[in-house]
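The chain below stands alone, shown as structure tokens; this is the form predicted alone.
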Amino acid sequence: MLSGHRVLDLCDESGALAGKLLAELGADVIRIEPPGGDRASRRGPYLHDQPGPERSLAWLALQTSKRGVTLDLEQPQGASLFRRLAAGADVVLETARRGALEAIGLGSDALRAEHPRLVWCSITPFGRTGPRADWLAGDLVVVAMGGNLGVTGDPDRPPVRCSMPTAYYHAAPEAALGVAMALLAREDSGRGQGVDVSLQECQLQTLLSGAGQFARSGRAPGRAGGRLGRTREIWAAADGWVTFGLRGGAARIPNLVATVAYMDECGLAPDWLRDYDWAQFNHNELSDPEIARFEQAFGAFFRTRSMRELYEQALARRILLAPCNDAREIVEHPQLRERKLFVTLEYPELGASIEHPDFFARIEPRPARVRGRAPRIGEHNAEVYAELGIGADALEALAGEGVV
């Protein structure tokens, strides 16, 4: 889809997924990191729990399909080489602090003045302009200031964040889409554009209807934990958690009736629940003890069944229930296996074979898919710099000077 386009990727972990998405859409993405590797982005956990910059599982997951080179941009020779690379590129992706690239003569204004067709995409905590443009922040601060943290967790306990840096993963598709739109616009205008992605603004989509509710009521949503309003929404299963709404209405009551029938077939529906007049059910009119009685009955049943069994029965019986899948369930999911979502990549230097998701969308006739494993530190120095006329001896000299 993006075959024939070249992307220079200067991102830390907060923008790494954007480069991966563009690479798997067909772009030639060249990951540029300092000599010795970008240690901050090569964090643990590590393959087989053995620390090492080339064993970072986050790195191996986020850098697939890219080529990798090393380059010290803060040295004059390194900055000069980057400008030469930019002359043959279509896109620059970066996550630098505002002013950092300008200080070494590699700011977007300077590079785009030299190369008007260049698309420049910045991914930063609060965007390149505005009152917080100079603020530094990682995932935790972004999800807090974006509103997500305030609605995540139990109401009687401190807020919690997801185990992975989801602020980065929400922003990456927005950045990739912005780059694709800028490249499309360039076909008509002949000029590149700036794509300015704020991690905080991208958190808006995680709030679902929260922004609209606030506009309507003037009240910010709070943490509800496993409940939605007065009733439970998240339930313990035998091996994890499922989501199931104990609510009335035309769509929900048949769902409750089907669930009780399933419980009864298993011999686990109390007599009072089996005989209940569901035509009269309205969760908004129930007393707290009545709600607790329903929750005890449904909760006791769900705890006797695995997430997968509950989901399979829900599909068969048209019950509105879904598993809260963890990584184990996703990897083992029969539908994903049937659709051949995963591909095994070989890492012989690590003595490992690792499964990766192979595609994020089905796109024909040019599929989006993993095109190779994550590069090793400086793995493609020779072939990339050869395009600039730098031979082996000259490259070795640059390496000796710490430029590459």
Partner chain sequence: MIFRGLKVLELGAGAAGPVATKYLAEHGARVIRVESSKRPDFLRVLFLGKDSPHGLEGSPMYALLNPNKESVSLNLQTPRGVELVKRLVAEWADVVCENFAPGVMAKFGLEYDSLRGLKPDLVMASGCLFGQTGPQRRYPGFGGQGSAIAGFNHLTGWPDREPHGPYGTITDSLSPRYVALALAAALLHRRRTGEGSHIDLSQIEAGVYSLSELVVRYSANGECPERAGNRHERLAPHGVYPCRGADRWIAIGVESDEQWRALCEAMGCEAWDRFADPDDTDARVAAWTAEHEALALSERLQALGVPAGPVQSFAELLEDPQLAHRGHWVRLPHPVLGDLAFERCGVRLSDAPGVLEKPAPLLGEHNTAVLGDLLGLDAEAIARLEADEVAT
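As the structure is a prediction and not an experimental result, all values here were calculated from the model. Numbering follows the first chain given and starts at 1. By rigid core we mean the largest C-alpha set that fits within 1.5 Å across both forms.
This next part talks about the form predicted in complex with its partner chain, which is not shown.
S.K.: So if I measure heavy atom distances to its partner chain in the predicted complex, which of the stretches 289-297, 121-129, 68-76, 264-272 falls within 4.5 Å?
M.R.: The contacting stretch is 121-129.
S.K.: Only one of 137, 111, 96, 258 gets a heavy atom within 4.5 Å of its partner chain in the predicted complex. Which one?
M.R.: Selected residue: 137.
S.K.: Could you tell me which one of 379, 28, 54, 358 places a heavy atom within 4.5 Å of its partner chain in the predicted complex?
M.R.: The residue from 379, 28, 54, 358 that makes the contact is 358.
S.K.: Check, residue by residue, if 152, 173 and 319 all come within 4.5 Å of its partner chain in the predicted complex, counting heavy atoms only.
M.R.: Yes, all three are in contact.
S.K.: Would residue 311 show up as a contact with its partner chain in the predicted complex if we use heavy atoms at 4.5 Å?
M.R.: Heavy-atom contact with its partner chain at 4.5 Å: present for residue 311.
S.K.: Residue 306 versus its partner chain, in the predicted complex: is there a non-hydrogen atom within 4.5 Å?
M.R.: Although its partner chain is absent here, residue 306 would stay clear of it in the predicted complex, with no heavy atoms inside 4.5 Å.
S.K.: With a cut-off of 4.5 Å between heavy atoms, is residue 105 one of the residues that contacts its partner chain in the predicted complex?
M.R.: Because no heavy atom of residue 105 falls inside 4.5 Å of its partner chain in the predicted complex, the answer is no.
S.K.: Residue 83 near its partner chain in the predicted complex, any heavy atom under 4.5 Å?
M.R.: Although its partner chain is absent here, residue 83 would stay clear of it in the predicted complex, with no heavy atoms inside 4.5 Å.
S.K.: What residues of 318-334, in sequence order, lie within 4.5 Å of its partner chain in the predicted complex by heavy atom?
M.R.: Heavy-atom contacts to its partner chain in the predicted complex: 318, 319, 320, 321, 322, 323, 324, 325, 326, 327, 328, 330, 331, 332, 333, 334.
S.K.: Establish whether a shift of 2 Å or more occurs at the C-alpha of residue 190 between this form and the one not shown, with the two forms superposed on the rigid core.
M.R.: The answer is no, as the C-alpha of residue 190 shifts between this form and the one not shown by less than 2 Å after core alignment.
S.K.: So, does residue 313 move by 2 Å or more at the CA between this form and the one not shown, with the core held fixed?
M.R.: No, because once the rigid core is superposed, the C-alpha of residue 313 moves less than 2 Å between this form and the one not shown.
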